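Heads up, the chain below is alone and in the form predicted on its own; it's given as structure tokens.
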Amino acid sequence: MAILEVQNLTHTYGGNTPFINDAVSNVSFTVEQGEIIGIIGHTGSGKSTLVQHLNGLLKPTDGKIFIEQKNIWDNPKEIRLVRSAVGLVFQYPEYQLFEETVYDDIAFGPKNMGLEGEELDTRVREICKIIGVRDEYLTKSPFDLSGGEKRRVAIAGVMAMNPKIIVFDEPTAGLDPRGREDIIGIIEQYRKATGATVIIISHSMEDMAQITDKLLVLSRGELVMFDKTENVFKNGEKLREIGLNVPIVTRVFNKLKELGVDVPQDVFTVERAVEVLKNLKEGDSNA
């Protein structure tokens, strides 16, 4: 079932001025319940402008957005409800922490939605269990945590609002490899536990290959491709034309193919690469 439908979305900045610019132009796509969708594109391609429409932070110049078949702008007075249904995690969300304790920061969003008492406590502790925020952290100041832990807590605060769709803008930006793995694992675990729909903006093709079901490719505000992740990465030449690339491991295997090594063309993750190389080795051993 489609949870999100974007129809002919256009957003124009600088209307009626010499600086008029369509940041997003006539974009249409549909997202099914429970999918993880990646949005990729070079800087200035319209990624952030696009996702800020999904929870009503921006209003379309033209076009419509439907959440569960309801136009989110049918009743502008109810746009607050849309923002509860579509959670948005901005880049570097740890900079938005402000409460005295980790518990209070995670509880802030649900409390503003009207939750209190046992219901609020249950919501906070459930999300902490899902994404691995330990109980002993809850009484700590969020400012005493490491950078990766702060980001985990900030993300937990949005997840605790129980959105039907959660949007991440560069969720692994600035993190070391271990931190990147942790955040990707959190997102995967959250989707598995809740069945929520996830949309991710990222410049990391490796992250996109690891976690997404489909990729939406933008260039200069226009939709270039929207397909299964493996199908998008098979179009490496098209991606390079618009300033993008395939994952590094894919480039390595493409080079092996050029050198005459019989390897498949669907290697987009390290895990898949290990599997292919293991099979090649076992094949040589059995020869």
Partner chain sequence: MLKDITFGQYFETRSPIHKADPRVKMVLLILAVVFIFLSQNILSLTLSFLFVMGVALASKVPLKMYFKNLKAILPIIILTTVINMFYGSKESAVLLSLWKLTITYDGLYRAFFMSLRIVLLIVVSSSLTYTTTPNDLTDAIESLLSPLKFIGLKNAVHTLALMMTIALRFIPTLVEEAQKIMNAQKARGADLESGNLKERIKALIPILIPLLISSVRRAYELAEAMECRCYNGGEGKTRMKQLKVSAVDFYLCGFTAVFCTGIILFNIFF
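Because the structure is a prediction, the values reported are computed rather than measured. Numbering follows the first chain given and starts at 1.
Heads up, the form predicted together with the partner chain isn't pictured, but that's what we're talking about next.
Work out which of the listed stretches, 101-109, 170-178, 184-192, 200-208, brings a heavy atom within 4.5 angstroms of the partner chain in the model of the complex.
Within 4.5 Å of the partner lies stretch 101-109.
Just one of L57, I242, M225, I36 has a heavy atom within 4.5 Å of the partner chain in the model of the complex. Which one?
The residue in contact is L57.
Using a 4.5 Å heavy atom cut-off, which residue among N235, S219, Q52, T61 comes into contact with the partner chain in the model of the complex?
By the 4.5 Å criterion, the partner-contacting residue is Q52.
Is the gap between L215 and the partner chain in the model of the complex 4.5 Å or less for some heavy atom pair?
No, no contact at 4.5 Å.
In the model of the complex, is there a heavy atom of the partner chain that lies within 4.5 Å of any heavy atom of L97, even though the partner is absent here?
Yes, L97 lies within 4.5 Å of the partner chain in the model of the complex.
Classify R80 as contacting or not contacting the partner chain in the model of the complex by the rule of any non-hydrogen atom within 4.5 angstroms, answering yes or no.
Yes, R80 is a contact residue.
Although the partner chain is absent from this view, report whether I130 comes within 4.5 Å of it in the model of the complex, heavy atoms only.
No - in the model of the complex, heavy atoms of I130 and the partner chain never come within 4.5 Å of each other.
Relative to the partner chain in the model of the complex, which residues of 234-264 have a heavy atom no more than 4.5 Å away?
Contacts from 234-264: none.
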